[in-house]
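Shown here is one chain on its own, the form predicted on its own, set out as structure tokens.
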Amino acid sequence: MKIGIVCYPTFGGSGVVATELGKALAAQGHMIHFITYSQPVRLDEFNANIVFHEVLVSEYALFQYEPYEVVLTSKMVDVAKHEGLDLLHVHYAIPHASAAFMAKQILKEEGIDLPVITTLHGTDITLVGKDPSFEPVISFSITHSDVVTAVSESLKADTYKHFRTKKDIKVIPNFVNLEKYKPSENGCARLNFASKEEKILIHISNFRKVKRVDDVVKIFQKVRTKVKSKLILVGDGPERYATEQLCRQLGVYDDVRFVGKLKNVEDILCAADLFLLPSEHESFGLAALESMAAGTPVVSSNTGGIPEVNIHGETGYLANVGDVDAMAEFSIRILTDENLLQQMSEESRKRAALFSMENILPMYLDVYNSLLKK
């Protein structure tokens, strides 16, 4: 198959999943065409079956804002025509689904019927998408996609709650490539971050308010009174500076490492004993799944799709959003009981295996093949 994939090229979950999906499809011999404004961060190796098409937006004095959606539509049309795409798979509703609809209509005028699959990932529905100014376009785009998928049952329910659509939505969860998270024969650079006597807690996010990184720091402050430990914060974003300030105010700054954005999070997850995810909302929780694949238990909030991934009492613990005391208590329980830590580490790997590429990729291929048979 010749498949066009439209996504954001950033470190966010939707871009990561779209890129890893494309790479897995390419490994099976399919021709994959990525269409976006810069090379996806996870698209960091040469593959003869992968082509990147850059969407270039020219600046015109007439426009206060660059018309990305229009240029994206034109690029979709161009790639579909000249590369002979069999289908187009767009990740994240805004503005990819509406641009895909316009591209589909333009191609119809030229006698080309291009099936469009839209995958909903999270904030396109639960945060940005809830803005009333977006609702009519998103509802229309979802309804007029040939197939719509969502990454969790929670996100599927949120979509029906917030948008005027009766479109059937198929749940295909996010996935991990388990091979990347196997323990290395060379071990992990754990001693770069902590001594042998210390535990390591880790958090990975885009440092936006919805991730509640301040709660991560507050949890760590409480854990640190009972357990010798270090905290690693991976990522960057608007709350980075405030987080640094909070670390200083709470007197934990010297035990916190800000390592910035990382392409290969498996290189650092292998060093962690516990993953913290106290988010306000997560439609899936890909970072939690990645940590579990590395054998790292998770203490998280119980919101959105997280309970579909992190199982309370088995792979970690769940608590209400904002309940820092409960999350700290759960963290201390895990970190002070080596048997429990080992048990949850093993259960985390088992749970992550259910979301392996080998299990999830056939679901997408079934969708593709059913569309092409129509």
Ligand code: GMT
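Model, not experiment: these values are computed from the prediction. Sequential numbering from 1, following the sequence displayed.
Separately, the form predicted together with this ligand exists; it is not shown, and the next lines address it.
Residues with any non-hydrogen atom within 4.5 angstroms of this ligand in the predicted complex fall in just one of 109-117, 204-212, 262-270, 241-249: 204-212. Residue 286 is the only one of 72, 148, 293, 286 with a heavy atom lying within 4.5 Å of this ligand in the predicted complex. Annotated contacts: 23, 181 and 361 are all free of this ligand in the predicted complex [non-hydrogen atom within 4.5 angstroms]. The closest heavy atom approach of residue 92 to this ligand in the predicted complex falls within 4.5 Å. Contact between residue 281 and this ligand in the predicted complex is found at the 4.5 Å heavy atom cutoff.
Residue 174 belongs to the set of residues with a heavy atom inside 4.5 Å of this ligand in the predicted complex. When this ligand is considered in the predicted complex, residue 96 lies well away from it, no heavy atom lying within 4.5 Å.
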